[in-house]
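Take a look at this single chain in structure tokens; it is the form predicted on its own.
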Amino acid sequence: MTFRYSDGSTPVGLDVGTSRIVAAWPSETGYIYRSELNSFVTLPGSKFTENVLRKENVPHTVRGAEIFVQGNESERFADLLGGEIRRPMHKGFLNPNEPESHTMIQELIANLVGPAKHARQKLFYSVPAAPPGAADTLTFHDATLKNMLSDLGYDARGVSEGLAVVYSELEGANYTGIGVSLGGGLCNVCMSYLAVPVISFSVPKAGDYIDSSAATVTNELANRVRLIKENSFEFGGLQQEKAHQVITVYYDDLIATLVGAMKDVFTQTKSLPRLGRPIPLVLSGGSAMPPGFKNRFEEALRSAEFPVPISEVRLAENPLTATAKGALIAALSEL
């Protein structure tokens, strides 16, 4: 597939997640992705450290007597220093308890996508659905991100995270189905009918809930629990390590909460379209990636007697990039 643009610029899709920020661009062979952890650590300032970080191309910001290391390298420094990474976002939104949240997320986004190449270059970014009682928080979050991206020169527009999953994964079903994005801060759900969002909502329990809860039980750092969860955890079989056993407990609680919320919302919605046939459900996001998760989720959905007939439950082709890809597809559709 070949993309050509009269102004020499290409659209951008951006997934602004609690755990990771992922950017997507079109290429002649498909799509190109870049990602950074949405986190940072603080180091004591020194010219020597600054020079080494600059030589190694480690994203960082110097302010006063401190060095802020952002993105993927923050994880390594936090582990070396025996501390937690700091997070610009919490439960899907800008973190009100982190004084550096705005500055750090602005730095992360600028390092990831750079300034716009043209005043009309489109960038579509993910926006979570508001959980109950968080409409004002969503409004502020969306407006702040839009302003940050506009300052970089982009023609920026938000797209619902769950709908972005539908755009990314359900072309073969004419964009009719359910997209579920299980991230770090929220689980976003969207039911779409012919690319029109019918139901969108989120559940304020996701990967960070598992990490922090398991860390409390195991007396471990939440960041190290996250690394175990992402690198070695899987469902099924005998869990030899205590951390794996504890992670399983909280994963099951997350799945039960998510499926219960989905059943309640879909049951209570009076405006569901008459589809006439079962529809697909796609799971995406980093928290959906452990081996065996899809089967665990599907069993819970079946046991709950979900009110909408489902033809299949499947994982996104690439769960970590599905939202960014969907946001890019939305941007491409506007050309």
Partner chain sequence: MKVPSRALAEWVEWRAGRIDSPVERLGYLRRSAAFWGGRPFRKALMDARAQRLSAFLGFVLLLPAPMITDGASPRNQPVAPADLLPRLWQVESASDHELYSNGLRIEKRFTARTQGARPFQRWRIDTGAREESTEPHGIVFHMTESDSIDYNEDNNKQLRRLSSGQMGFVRGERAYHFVIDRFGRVFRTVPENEPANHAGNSVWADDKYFYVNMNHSFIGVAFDGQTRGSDGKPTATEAQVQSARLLTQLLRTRYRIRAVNCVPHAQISVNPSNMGVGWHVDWASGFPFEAVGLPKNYLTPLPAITLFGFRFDDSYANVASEELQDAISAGETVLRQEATSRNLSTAAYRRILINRYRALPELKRQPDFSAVSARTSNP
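Please read these numbers as outputs of a predicted model, since none were measured by experiment. Numbering follows the first chain given and starts at 1.
If you look for the form predicted together with the partner chain, you will not find it shown, but the lines that follow are about it.
Every residue of the trio V159, Y175 and G276 has some heavy atom no more than 4.5 Å from the partner chain in the model of the complex.
This chain is displayed alone, yet in the model of the complex one of L194, L81, A143, A256 has a heavy atom within 4.5 Å of the partner chain; that residue is L194. This chain is displayed alone, yet in the model of the complex one of D252, E241, D264, E171 has a heavy atom within 4.5 Å of the partner chain; that residue is E171. Residues of just one listed stretch (304 to 312, 268 to 276, 288 to 296, 43 to 51) have heavy atoms within 4.5 Å of the partner chain in the model of the complex: 268 to 276. In the model of the complex, at least one heavy atom of L163 sits within 4.5 Å of the partner chain. At least one heavy atom of F124 is located within 4.5 Å of the partner chain in the model of the complex. Interface membership of Y167, defined by any non-hydrogen atom within 4.5 Å of the partner chain in the model of the complex, is confirmed. In the model of the complex, none of the heavy atoms of L94 sits within 4.5 Å of a heavy atom of the partner chain. Residues I329, A330, L332, S333, E334 are the members of 308 to 335 with a non-hydrogen atom no more than 4.5 angstroms from the partner chain in the model of the complex.
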